[in-house]
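Each of the two blocks below gives one form of the same protein chain as structure tokens; they are labelled structure 1 and structure 2.
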Structure 1
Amino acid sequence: MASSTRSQALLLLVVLLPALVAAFSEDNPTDQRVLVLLEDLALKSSHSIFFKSLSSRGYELDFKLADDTKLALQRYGEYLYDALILFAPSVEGHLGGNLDVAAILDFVDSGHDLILAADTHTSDLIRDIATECGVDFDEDTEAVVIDHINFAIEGESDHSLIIGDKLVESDVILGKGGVKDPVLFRGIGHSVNPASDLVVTVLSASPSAFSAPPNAVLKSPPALTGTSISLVSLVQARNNARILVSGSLDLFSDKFFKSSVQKFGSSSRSGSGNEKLAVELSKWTFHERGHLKAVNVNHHKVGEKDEPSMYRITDNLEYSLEIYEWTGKAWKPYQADDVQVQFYMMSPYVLKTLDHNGKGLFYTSFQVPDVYGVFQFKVEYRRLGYTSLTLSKQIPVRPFRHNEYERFIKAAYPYYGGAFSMMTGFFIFGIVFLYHK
């Protein structure tokens, strides 16, 4: 109750006073404090554009060396940061301050975000973190992604500076319009666990790419080839923590941001899409986009206001909820025609698509099935790039009470007649039998 009134109040504020919304830090899913762990402080200047774009969007960046012994993610059980950028591909063993794989995974499992970049030489630590998130870097530690067709002519002769243009088609992840320009990539490839529905490959290699040590004579076919090589992937954990895994640290560098690209075999040059890609992905990862919340779940009988503790079979009910999307600054009504509600008891008895009024209110009405039991209103909304909404609300459905059945049934009139005629007949018979001589 309390939380719903609070969110109602919040809703009022959202609707009436959009200017004030930025003040609501407790309900602001965008990260604030970001710890940036660098292998080498030189990275701070070589990747300055990326970091500058972050700090200009309001993030407090805390740069630390990855082997700084005073590193700590949490103090007194509270996390000091909302997100972590790990630009330290070759740190072995564990990070400074005894941060190991488990500590970083705990950080993620408690709902914090992570940007992870690998490079041509990537330590086991980074590989393990990635593996735990469902992203497997090529096990061959020497291997890099090589493409003898789609490479940038600026690169070295081993064709490891490749051009990626196979991007995921999603405005939520890549921003409006997507990334048009080719993306420069130099690093290692990875594969994603196909069983996982939490990983999305954003940038994959072209069909002619393969992952192998450069300048080596291959005795056997490489393990990763073609479009199954993922270059950049996104993971959204079940608790909606977001992880960006890139096989290339250079992808975020000023050099790649600024360089113009000429693809091998083509005569035209264009700017690289790296800056747009990196910035948009960081926006997504830090919850500036694609973050939904559902509030004010409400259901009641048609014609009533209050939520009942129990429905009766064949009742007509109305169900509604409000869904908002975070824009990075404010909650705005979410608009979609594919939100569905299930009336569920071991299997969905009713499945309805919700209507919406354009102001974030999704609603529908239906009749309770003629089955009693403990039902749930279930909304399971999973869309690419959006946080997954899973709501369930338990509500029992009871059968008719003893006095809710029809009192007289038309089909039974012959029986009523039979009963009453029998009674009168017996009465008359009794009188005749007793008093008639």
Structure 2
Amino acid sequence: MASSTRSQALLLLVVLLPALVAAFSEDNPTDQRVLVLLEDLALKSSHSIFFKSLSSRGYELDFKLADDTKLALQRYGEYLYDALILFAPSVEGHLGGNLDVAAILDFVDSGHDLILAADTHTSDLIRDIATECGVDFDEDTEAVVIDHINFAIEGESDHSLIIGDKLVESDVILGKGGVKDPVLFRGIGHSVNPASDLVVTVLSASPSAFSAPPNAVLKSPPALTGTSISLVSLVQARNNARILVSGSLDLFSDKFFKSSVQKFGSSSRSGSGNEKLAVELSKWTFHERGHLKAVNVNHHKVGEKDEPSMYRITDNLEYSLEIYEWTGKAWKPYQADDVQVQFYMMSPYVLKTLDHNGKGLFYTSFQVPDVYGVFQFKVEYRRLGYTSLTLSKQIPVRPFRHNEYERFIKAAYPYYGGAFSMMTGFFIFGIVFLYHK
């Protein structure tokens, strides 16, 4: 019996070992194993170009129906996938197996990535997942984004096939050069909190757009109008997990990828930018771009190499670290002029911008303030499109010992002079008082 149990355990290890080796790691942060949940297997062929682009970049796609009763994200406490693509906007209640809103949020909280696509018929389940991620779809379940000015003439008379060209300006997110061609969009809009630094709108509607039921007679202004309507948004959680939320499932379809676009009022046609946008956003979401890591964090006194256990007030020290950026295949030195370090105790006593040598090494030097206590070296680096770096290292700072002060302090020379002049004056006064008649 014991021999059979050991054999089963060995067999399980052999089966899971390749998956564990290929999993997300700091040395290779790109996702490898992706679970694709579809509400209909026909989506596998209607969105084949998008899926083939992922497969060609080395991703292992596991296609399953969203209501499959055998669905599972983890087994024996280990996640089976690095990322999830949820192309099942109308699935009601809960997903198959033990998947629900809480399970998907736990998946993201564990550092895994998510691509979520909604549609004109989006269930409460998908809306709840998006809301928990910081994206709020229009509360009107019948509303779609309509634009009577910036629409494609190939669409229906309700002008719900709109053209989006208001894209975020970021080479990290959209790739070098960005997306030049117009993007076709048919779906629902959402709003994001403009004060949040975790959510960024990638594609927004034009000023003439609004969110409402098609062909409806509006008796009051729509809740979402103009550029406040987000069509595609990205979320980067505090644990650097990434989420792509699109209000249109058709945005990823072969039909939209291959369509030529003619805007209302224009006589010219151009190819759609949907394929470029979808591919570049998937690269960002799956950490092929914009992923940073910091290594070899060092600090020491000037002229020394070893890290001390504590510093003394007014010591001169040097601080350095190395930052690298993942290119999808290898790490390359990161270059930026806005990386800062704080020497922090309740508030920053020193704030220095780090110099760099162009090879990934960032460094600076400064004098320890004339204040003793427990300080921290803190680096909190956040830049659009990049994973955040949060580094903290605690170090105590002590005052001078009794035998470390200078014998004579220059700043006290006036007091020394006053004391000796007082003694000299008293001596002269005594002589004069006693011996002068």
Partner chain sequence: MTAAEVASPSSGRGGAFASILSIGTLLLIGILAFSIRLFSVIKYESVIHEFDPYFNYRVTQYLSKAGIYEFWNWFDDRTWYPLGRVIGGTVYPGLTLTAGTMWWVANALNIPLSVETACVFTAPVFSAFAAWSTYALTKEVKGIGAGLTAAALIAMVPSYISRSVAGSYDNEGVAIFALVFTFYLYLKTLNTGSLFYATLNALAYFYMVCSWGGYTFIINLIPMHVLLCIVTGRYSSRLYIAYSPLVILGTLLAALVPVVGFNAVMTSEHFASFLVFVILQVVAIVYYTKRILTPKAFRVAVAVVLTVGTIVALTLIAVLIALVATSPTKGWSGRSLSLLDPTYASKYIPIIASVSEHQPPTWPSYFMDINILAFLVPAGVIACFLPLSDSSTFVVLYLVTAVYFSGVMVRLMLVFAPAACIMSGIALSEAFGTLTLSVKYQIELPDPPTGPVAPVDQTAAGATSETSASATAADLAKDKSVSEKGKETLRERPKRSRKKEKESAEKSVVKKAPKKKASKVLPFEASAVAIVLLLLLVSFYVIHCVWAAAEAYSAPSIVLTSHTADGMHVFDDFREAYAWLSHNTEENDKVASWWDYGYQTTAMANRTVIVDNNTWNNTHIATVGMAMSSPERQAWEIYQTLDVKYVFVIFGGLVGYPSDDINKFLWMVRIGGGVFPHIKEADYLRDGQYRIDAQATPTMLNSLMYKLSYYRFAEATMDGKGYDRVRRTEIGKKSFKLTHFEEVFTTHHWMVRIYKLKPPKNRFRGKNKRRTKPMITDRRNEDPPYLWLTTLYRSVEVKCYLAKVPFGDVDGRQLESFWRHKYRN
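None of these values were measured; they are calculated from a predicted model. We call the rigid core whatever largest set of C-alpha positions still superposes within 1.5 Å between the two forms. Structure 1 provides the reference sequence; residues are numbered from 1 along it.
Which of the two shown corresponds to the form predicted alone?
-> Pick structure 2 here.
Single out the hinge among Asp338, Glu60, Glu406, Asp197, thinking of the two rigid parts turning against each other between the two structures.
-> The hinge residue here is Glu406.
How big is the turn of the smaller rigid part relative to the larger between the two structures, in degrees?
-> Angle of the smaller part against the larger: 34 degrees.
Inter-form CA displacement between the two structures at Ala411 - rigid core frame, Å = For Ala411, the alpha-carbon shift amounts to 7.5 Å.
For Ile431, tell me the Cα shift between the two structures once the rigid core is superposed, in Å to one decimal.
-> Shift of Ile431 at C-alpha, rigid core superposed: 19.8 Å.
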